[in-house]
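Only one chain is given next, in structure tokens, and it is the form predicted alone.
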Amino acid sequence: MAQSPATTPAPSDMRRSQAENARILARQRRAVQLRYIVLVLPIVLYLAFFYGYPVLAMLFRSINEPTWTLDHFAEIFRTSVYAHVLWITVQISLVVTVVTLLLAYPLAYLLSSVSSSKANLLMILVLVPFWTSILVRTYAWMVLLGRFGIINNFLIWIGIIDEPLRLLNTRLAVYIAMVQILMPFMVLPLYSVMRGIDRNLMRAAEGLGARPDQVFRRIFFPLSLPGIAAGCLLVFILSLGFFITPALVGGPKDVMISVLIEQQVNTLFNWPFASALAAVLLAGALLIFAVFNRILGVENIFGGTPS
């Protein structure tokens, strides 16, 4: 019995089939995109209403009251007092960021070097401050740093000083309290990046004759740079807008921009000027974020993978 030859689809049928497949793939892509939109829509609406609208209202008020003007911004940079407050804010934020990094880096290195069970136990100690209000922690520092607080009593007891030192309402008190409060924001990004570093790289370097300091300096430290960048970015930006701690433990010569904004609103009722100060603070934070993004890339900072 003779076998019939295989039938070949006509070119027009193949084109219709390809077009039908393309339409099916397009519908599937639109369905996936629609699911993504539905998932993020609640948070987008929440941020737009409770964050975006107040920020826009603040910016509008800074240039619209009493009339359309930029005088409020000009006054900030024209008056030496306000420029000095901006400089104090940047100075305190820089010092707090550097000190926090110096203290957090060895701790994060220890956490990343021990076993997971020990690291989880130690991490609880790092996260304990999150369970307590910043206001409560700041009041605790006021008790510790007070004229008759534990620190002054201890220094007098061991004979280092004869009279109580003035620790509260000083720049030193602001540094100490802010570093303690912001420490978890530095430790967590560092620990996340360090935990992901392949330790076989260091063992291989040691096997090739590298000294421990060379292994750390040339392998571990460069790989931990994304964690350093993420921690410094978080701590510095949070420090720029810190209010409660500088207001309670800082002195009259250590006024930060957030305290100045509060005075303009609650004491002087100067909402337009306070809005202009807040806009400058927001612009400074965005500028710093843009610089980090330009140098390191946001995906490298928060993704933990150096470029």
Partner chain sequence: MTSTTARPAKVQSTPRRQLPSLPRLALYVFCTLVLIYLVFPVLVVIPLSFSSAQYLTFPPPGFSLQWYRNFFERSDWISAAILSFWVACVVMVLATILGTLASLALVRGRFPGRGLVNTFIVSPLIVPAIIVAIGIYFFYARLGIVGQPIALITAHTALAVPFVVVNVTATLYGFDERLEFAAMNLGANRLQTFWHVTLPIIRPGVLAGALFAFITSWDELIVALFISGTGAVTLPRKMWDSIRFQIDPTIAAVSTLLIIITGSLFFSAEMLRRRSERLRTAVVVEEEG
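On a predicted model such as this, the values are computed, not experimentally measured, just so you know. Numbering follows the first chain given and starts at 1. Throughout, rigid core stands for the largest set of C-alpha atoms superposing within 1.5 Å between the two forms.
Although not depicted, the form predicted together with its partner chain is the subject of the following passage.
With the partner omitted here, the stretch from 135-143, 71-79, 158-166, 86-94 that lies within 4.5 Å of its partner chain by heavy atoms in the predicted complex is 135-143. Within 4.5 Å of its partner chain in the predicted complex, a heavy atom is found for none of V98, Q214 and L223. When contacts are judged by a 4.5 Å heavy atom cut-off, I63 does not count as touching its partner chain in the predicted complex.
Remark: S113 counts among the residues lining its partner chain in the predicted complex, judged by a heavy atom distance of 4.5 Å or less. Put simply, Q33 is close to its partner chain in the predicted complex: some heavy atom of it is within 4.5 Å. The shortest heavy atom separation between P129 and its partner chain in the predicted complex is within 4.5 Å. In the predicted complex, not one residue of 66-97 has a heavy atom within 4.5 Å of its partner chain. Once the cores line up, the CA of F50 ends up 2 angstroms or more apart between the shown form and the other one. Core-aligned CA deviation for L268 between the shown form and the other one: less than 2 Å. Here R35 counts as shifted, since its C-alpha moves by at least 2 Å between the shown form and the other one after the core is aligned.
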